[in-house]
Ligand SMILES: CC(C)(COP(=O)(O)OP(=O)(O)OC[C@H]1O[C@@H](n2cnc3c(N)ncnc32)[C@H](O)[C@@H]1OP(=O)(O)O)[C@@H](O)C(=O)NCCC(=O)NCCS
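Take a look at this single chain, the form predicted on its own, given in structure tokens.
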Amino acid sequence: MLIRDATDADLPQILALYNDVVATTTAIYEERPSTLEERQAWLEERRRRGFPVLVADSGDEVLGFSSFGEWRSRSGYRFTVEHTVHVRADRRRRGAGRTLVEALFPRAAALGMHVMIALIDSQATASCRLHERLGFEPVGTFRQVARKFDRWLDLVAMQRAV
């Protein structure tokens, strides 16, 4: 498995992975599938801002992706980023997620970032455990801040120093 910068050619596989997560999990608090145009705009915006989008590549397959971006827009927050990581359902719990998140740390440090934020659905206990093993600490829970699949969802906030 190779971790590398995403290319435009990866977008169809990133889109398929993203839309599967939207349709089948509460990892993304979105209910409608994304379009290729939306994912392209997301990738272009990350590039424009100097933020990485990484993929776990296994030959010609994208197994997962990770990225980080601005946490809040006010200037005081400019040294804090929020990350995202998603792995294909058939490749979870095999190290791709961990490797994708670990690859973000030196990228964040190179940009002068100080803190990385993870916002995780409270039912995603495997993701919370993974983040704890990577040095993230839970700092709070936002209760019933989202609704998906006809139920209220709690969001766990975690952070770690870069």
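Note that residue numbering follows the sequence shown and begins at 1. These numbers come from a predicted model, not from an experiment.
Only in words, not in the display: the form predicted in complex with the ligand, which the text now covers.
- Not displayed here, the ligand is approached by R94 to within 4.5 Å at the level of heavy atoms in the predicted complex.
- Using a 4.5 angstroms threshold between heavy atoms, A108 stays clear of the ligand in the predicted complex.
- In the predicted complex, the ligand sits beyond 4.5 Å of every heavy atom of H114.
- Mapping the unseen interface onto this chain, R47 falls outside it, with no heavy atom inside 4.5 Å of the ligand in the predicted complex.
- The stretch from 66 to 74, 119 to 127, 47 to 55, 34 to 42 that comes within 4.5 Å of the ligand in the predicted complex, counting heavy atoms only, is 119 to 127.
- For the stretch 3 to 27, the set of residues having any non-hydrogen atom within 4.5 angstroms of the ligand in the predicted complex comprises V21, A27, in sequence order.
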